[in-house]
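In the form predicted alone, a lone chain appears below as structure tokens.
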Amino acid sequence: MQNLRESKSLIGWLMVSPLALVLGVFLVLPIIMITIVSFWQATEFSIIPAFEFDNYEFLFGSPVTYTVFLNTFKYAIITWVFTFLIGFTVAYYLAFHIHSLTWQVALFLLCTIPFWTSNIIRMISWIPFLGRNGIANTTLISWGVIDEPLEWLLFSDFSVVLAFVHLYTLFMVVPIFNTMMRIDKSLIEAARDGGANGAQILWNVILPLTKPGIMIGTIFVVTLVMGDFFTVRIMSGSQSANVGRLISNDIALLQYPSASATAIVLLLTVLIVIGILLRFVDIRKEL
């Protein structure tokens, strides 16, 4: 019996070790290297491998850091609100109003069509639409809604959030739809037989049972938005910044220790946010 247990343990270790090796090489090792470099010193001409806290002292002592982090959280929260509203609505419609599995699959694939192209192309496609002489302004002027082009449609926080919502809504739709499809329809029928109306069923039955999917989608959207820098740079016309943009600027200036310190702080911030989200629901049931 003991030999059998040892054999099973050895087989389990052999099955897990390749994955552990891949995670160690491509995830843990780079994070360790970034952490080490974040304590180095950088001059205008060289990088000195010296253990010091100057990068972190400068980072936390600069008011720009707090402004950029607040800006990052602002984009993440606003994007989450819109992606949740759109994602929950789409998933609810597909799960409870489309009864044919064929149509559910077809409409779900229809939602993924924009993702068949590059994120950059989908994001840049908004520029001719929202520009001063773009389709949106031209249409509104021709309809008599406005007298002159709206400047805030492009190169503003509005265009940044719009691009984020466009890019990341599917990451909210997929986990919510997956969770809703697992809900036992008899629970909804029982609630309806008990006299509950549509709003009560949605609030007391569907929403609580969909929490794991909502949390998974939230983690996807929040982490992607907080780490994205290219969208902010392009859609804001370089007039706004987030933490990713701060890291990108340091790298462009060859200030790798400073960029590493900012990356570590961002990583810890994201992990704290994820830890807080995981306190509300056990998403292991969905994995």
Partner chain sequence: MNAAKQDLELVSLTKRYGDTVAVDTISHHFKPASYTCLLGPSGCGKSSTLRMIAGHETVSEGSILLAGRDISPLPPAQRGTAMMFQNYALFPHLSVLDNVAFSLKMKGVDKSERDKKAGEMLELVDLTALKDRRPAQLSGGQQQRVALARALITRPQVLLLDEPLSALDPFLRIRMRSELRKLQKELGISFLHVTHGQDEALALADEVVVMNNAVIEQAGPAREVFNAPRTKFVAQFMGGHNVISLPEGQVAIRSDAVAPTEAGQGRIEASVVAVEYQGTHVSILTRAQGDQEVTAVVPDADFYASPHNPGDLIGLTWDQTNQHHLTA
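For clarity, every value in this text was computed on a predicted model and none was experimentally measured. Residue numbers count along the first chain shown, from 1.
Note that the form predicted together with the partner chain isn't included here; everything after this is about it.
Q: Within 4.5 Å of the partner chain in the predicted bound form, heavy atoms considered, which of 153, 209, 98, 78?
A: Selected residue: 209.
Q: Would you mind picking the one in 111, 136, 86, 191 that has a heavy atom within 4.5 Å of the partner chain in the predicted bound form?
A: By the 4.5 Å heavy-atom cutoff, the listed residue in contact is 191.
Q: Please tell me whether any heavy atom belonging to residue 184 falls inside 4.5 Å of a heavy atom of the partner chain, as the geometry stands in the predicted bound form.
A: Looking in the predicted bound form, residue contacts with the partner chain include residue 184, since a heavy atom lies within 4.5 Å.
Q: Can any non-hydrogen atom of residue 204 be found within 4.5 angstroms of the partner chain in the predicted bound form?
A: Although the partner chain is absent here, residue 204 would touch it in the predicted bound form, with heavy atoms inside 4.5 Å.
Q: Is there a heavy atom of residue 200 no more than 4.5 Å from a heavy atom of the partner chain in the predicted bound form?
A: Judged by the heavy-atom cut-off of 4.5 Å, residue 200 is in contact with the partner chain in the predicted bound form.
Q: Do residue 144 and the partner chain share at least one heavy atom pair within 4.5 Å in the predicted bound form?
A: Taking the distances in the predicted bound form, the answer for residue 144 is no, it never comes within 4.5 Å of the partner chain.
Q: Partner absent here, but in the predicted bound form, which of 114-122, 128-136, 156-164, 192-200 has residues with a heavy atom within 4.5 Å of the partner chain?
A: Only one stretch qualifies here: 192-200.
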